[in-house]
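Consider the single chain below, provided in structure tokens and representing the form predicted alone.
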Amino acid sequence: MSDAAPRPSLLRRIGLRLLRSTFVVWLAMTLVFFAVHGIGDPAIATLGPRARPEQIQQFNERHGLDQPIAVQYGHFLVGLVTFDLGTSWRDERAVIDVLATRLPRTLLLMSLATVFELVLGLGLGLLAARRRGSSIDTLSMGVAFLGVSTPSFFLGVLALQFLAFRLGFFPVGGYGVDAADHVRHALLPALVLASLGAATYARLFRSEIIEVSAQDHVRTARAKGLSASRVLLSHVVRNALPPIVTLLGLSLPALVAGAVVTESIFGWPGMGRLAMESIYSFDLPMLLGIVFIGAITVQIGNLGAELLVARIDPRTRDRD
């Protein structure tokens, strides 16, 4: 009976999270919609300053821009509910079709970056914690500090110049022609994208390992004669992971935003690069579609991180 008690609480939390996520997505989309409409004239931005009045009128009529803003917003909300994101103003392609092509490429890049963040960050943090106060600890945290303080666009240019151009360790941008080639082309931009997250995880994991290692249950486990590796894995690392998983969910927006810069530097044809192109061309439907998919991705990631924390630490299941 006691084992089943936390389940309603967890289900309630999931329901509340879904409601909050829906509100966050709606708010983000609404802000972008009205912000872009308030910046300038979409017809002139798309057709150019030399467009004739009849061209501007035809453009506005074709895309419903001649209607009141409230009516446009209503059509926009209906499109969100039905996943009809409209047509690109730049090339007249359906937004959902373009995003269906670009999204898997960005997900590949972000997945590799997440793996690099966790492997490098947790490995560096664990090494620094186990060698606390030594030169290895100082060097590890120095590397982490550089990772946190170095802008991704600067690191990306350096990596492209030295590791790709000069040394030839990685392909010079692009996407490749097959699955294996896609992964090979994604390695360097994924490493650059992972730099900030890996540094953050390293610093947090180091502090968590040190804090957990000093707790009573760890000392008790050592006193019982358990091996050092079992104490480390079962009692220290396991109890140090929940903050890392929480940070993983919270860092998704930074990962999505970083993909915009990284994809542009490396010529990676994903949603980040598409976002830059849409901003330059004032392609409102495409930009709104990108924000919509990005917001949903972040909310799903946050929900997944919360469920994973509940799985790792059962004590969190009863918290509201």
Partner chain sequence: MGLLSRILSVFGGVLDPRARARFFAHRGARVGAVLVALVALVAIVGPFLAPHDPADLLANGLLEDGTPAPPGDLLLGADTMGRDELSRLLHGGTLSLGVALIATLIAVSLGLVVGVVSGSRRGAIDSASMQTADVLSSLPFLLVAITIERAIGQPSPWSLAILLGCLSWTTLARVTRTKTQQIRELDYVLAARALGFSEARILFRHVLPNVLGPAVVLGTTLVAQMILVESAMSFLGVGVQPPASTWGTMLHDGQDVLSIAPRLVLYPGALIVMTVFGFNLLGEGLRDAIDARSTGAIVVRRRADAKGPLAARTRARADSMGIAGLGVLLAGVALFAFVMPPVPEHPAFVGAGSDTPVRGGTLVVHHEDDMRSLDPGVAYDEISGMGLKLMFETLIDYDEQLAFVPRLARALPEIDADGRGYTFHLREGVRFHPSPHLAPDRTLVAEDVRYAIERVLTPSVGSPGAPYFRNLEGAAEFEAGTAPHVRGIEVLDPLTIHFRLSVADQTFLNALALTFAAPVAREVVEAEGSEIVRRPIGTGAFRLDRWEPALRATFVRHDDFFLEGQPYLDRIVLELDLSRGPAFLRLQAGEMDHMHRFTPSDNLFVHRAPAWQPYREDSANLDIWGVGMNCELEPFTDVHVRRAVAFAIDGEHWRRARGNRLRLVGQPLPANMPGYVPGLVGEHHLDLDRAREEMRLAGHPVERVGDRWVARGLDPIDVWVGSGETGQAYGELIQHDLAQIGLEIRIRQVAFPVYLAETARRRTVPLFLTGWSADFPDPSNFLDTLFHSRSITDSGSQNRAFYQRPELDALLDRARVETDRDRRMALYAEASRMIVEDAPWAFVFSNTVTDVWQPYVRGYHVHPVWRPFYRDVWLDLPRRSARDVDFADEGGLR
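The model shown is predicted, which means the values in this text are computed figures rather than measured ones. Positions refer to the first chain, counted from 1.
The form predicted together with the partner chain exists for this protein as well; it is not shown, and the discussion that follows is about that form.
Check: Since exactly one of 114, 87, 246, 72 fits, which has a heavy atom within 4.5 Å of the partner chain in the predicted complex?
Finding: Exactly one residue meets the criterion: 246.
Only one of 228, 167, 77, 119 has a non-hydrogen atom within 4.5 angstroms of the partner chain in the predicted complex; which is it? It is 167 that has a heavy atom within 4.5 Å of the partner.
Exactly one stretch in 187-195, 228-236, 137-145, 119-127 has heavy atoms within 4.5 Å of the partner chain in the predicted complex; which is it?
Looking at the other structure, the answer is 137-145.
Residue contact check: residue 100 to the partner chain in the predicted complex, 4.5 Å heavy atom
The answer is no: residue 100 has no heavy atom within 4.5 Å of the partner chain.
Given that the partner is absent here, does residue 219 sit within 4.5 Å of the partner chain in the predicted complex, heavy atoms only? Outside the cut-off, so no.
Please run the contact check for residue 310 against the partner chain in the predicted complex: heavy atoms, 4.5 angstroms, yes or no?
-> Taking the distances in the predicted complex, the answer for residue 310 is no, it never comes within 4.5 Å of the partner chain.
query = If you check in the predicted complex, is residue 153 within 4.5 Å of the partner chain, heavy atoms only?
reply = Output for residue 153 is yes: heavy atoms within 4.5 Å of the partner chain.
Practice task
Could you tell me if all three of 61, 96 and 183 have a heavy atom no more than 4.5 Å from the partner chain in the predicted complex?
Solution key: No, the whole trio is out of contact, none within 4.5 Å by any heavy atom.
Margin query: For a quick check, can you give me the residues of 161-196 that have a heavy atom within 4.5 Å of the partner chain in the predicted complex?
Written below: Heavy-atom contacts to the partner chain in the predicted complex: 161, 162, 165, 166, 167, 171, 172, 173, 174, 175, 176, 177.
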